[in-house]
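Heads up, the chain below is alone and in the form predicted on its own; it's given as structure tokens.
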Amino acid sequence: MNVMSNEELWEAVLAQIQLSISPANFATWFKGTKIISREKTQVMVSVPSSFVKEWLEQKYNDIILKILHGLDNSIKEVKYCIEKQSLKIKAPRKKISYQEEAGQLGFEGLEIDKETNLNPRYTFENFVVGSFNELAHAAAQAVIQKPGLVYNPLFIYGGVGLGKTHLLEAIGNEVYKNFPEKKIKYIPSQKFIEDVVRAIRKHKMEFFKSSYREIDLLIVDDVQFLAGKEKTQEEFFHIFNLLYEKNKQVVISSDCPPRAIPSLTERLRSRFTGGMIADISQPDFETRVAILKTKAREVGTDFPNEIYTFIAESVQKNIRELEGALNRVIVYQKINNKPPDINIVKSLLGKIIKGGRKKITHKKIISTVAEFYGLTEKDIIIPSRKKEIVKPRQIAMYLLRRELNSSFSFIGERFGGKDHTTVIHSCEKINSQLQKDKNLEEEIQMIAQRIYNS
């Protein structure tokens, strides 16, 4: 009987696991793992980080052990250890020092690449995957394997602070690592706008365009800011076409899908929808806990589970606010040279939690809905039967009912004294459409995110 080598044994395990979990989760938790030793009844598996170690122990150990025992019935136990990954040696590029915003956390040695504008802190290793971002992560993994050949362009959208920038820069950093000869450029759309204006003013438009011609991977963040800027959109359209025709990869992010970006030219909207569109929504509780643990361990610390649980239950809007709450706890620990207990954490985060639960008013909902559809508050309040007015008005009524539990008569008064039966009809109509219209569901979800995030 032939005995399987460690490599063959682990390949057999991975082949079975791959059939039972999503590609995104498989890439996140099993990339870079391997069996490094077998002693009697125990197998030792190396993993790339402490977070992966904990996740495999808690979430996947039973299935791993079951598969291993099925392949070799002498195996009774699986252990995990962290093995540091060797670094690839690449030709040096110009660097500029990077000062982490939360400077007291002490992220030493971080530098933004002057040529690519990429922040090395943003990697797939510290990007936590959950149901809220699984599709976007899987699409990103496909892009880094074959830049320019699949999902081009890749358009990622979602609310504020949900990890879009992290994912975009992780794509850039991974492509740079795998294809060091490729030219990569990450640029926020506001910086792109500034560069276009400067080039026009100094009569250097051709030079500006030529600087993009040799790029292999262009990453543009927050493209919604191009809305209404016709000249910038025109230049971006030409650059996009130039790269696309040469099979160069373009990755774009926005706070909403292409069809919902106001004042966007139809030809750009068409280009944006021609590839892969993936959304990132709000993380669930389990993912929020995982994110907190990852961020804490990035700075070399850890806390009891009850602290992670309290923060995850208290801060639910976005990842940025989660990090802000965690930073306060970390700073307290550094100043006092001891970890805080749960009562101290509750005291530290009291103001943040109360602020995160700020009262939402009917005026806030109405103004946000109006702004989302490019209207004024007056437009949706005054009587009008125009289709472009009726739909936003009905959505505003629906959200007043859903978010504030306002009475139908109260809602009617806010809209020029409409009868409560009109409000009931509007709410029922939106409820009915939500059952069959996925696009409407996405629109209302984005409006709700703006209501609570702005």
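Residue positions are given as counts along the sequence shown, with the first one as 1. Because the structure is a prediction, the values reported are computed rather than measured.
Quick note: we don't show the form predicted in complex with a small molecule, though the next part is all about it.
- Interface residue among K229, K248, K182, K295, judged by heavy atoms within 4.5 Å of the small molecule in the predicted complex: K295.
- Taking a 4.5 Å heavy atom cutoff to the small molecule in the predicted complex, the contact residue among I215, V160, I366, I344 is V160.
- Interface membership of I319, defined by any non-hydrogen atom within 4.5 Å of the small molecule in the predicted complex, is confirmed.
- At a distance threshold of 4.5 angstroms between non-hydrogen atoms, S189 is out of contact with the small molecule in the predicted complex.
- Remark: I291 counts among the residues lining the small molecule in the predicted complex, judged by a heavy atom distance of 4.5 Å or less.
- With a 4.5 Å cutoff on heavy atoms, V128 counts as touching the small molecule in the predicted complex.
- For the small molecule in the predicted complex, the listed stretch (330 to 338, 199 to 207, 131 to 139, 170 to 178) containing residues with heavy atoms inside 4.5 Å is 131 to 139.
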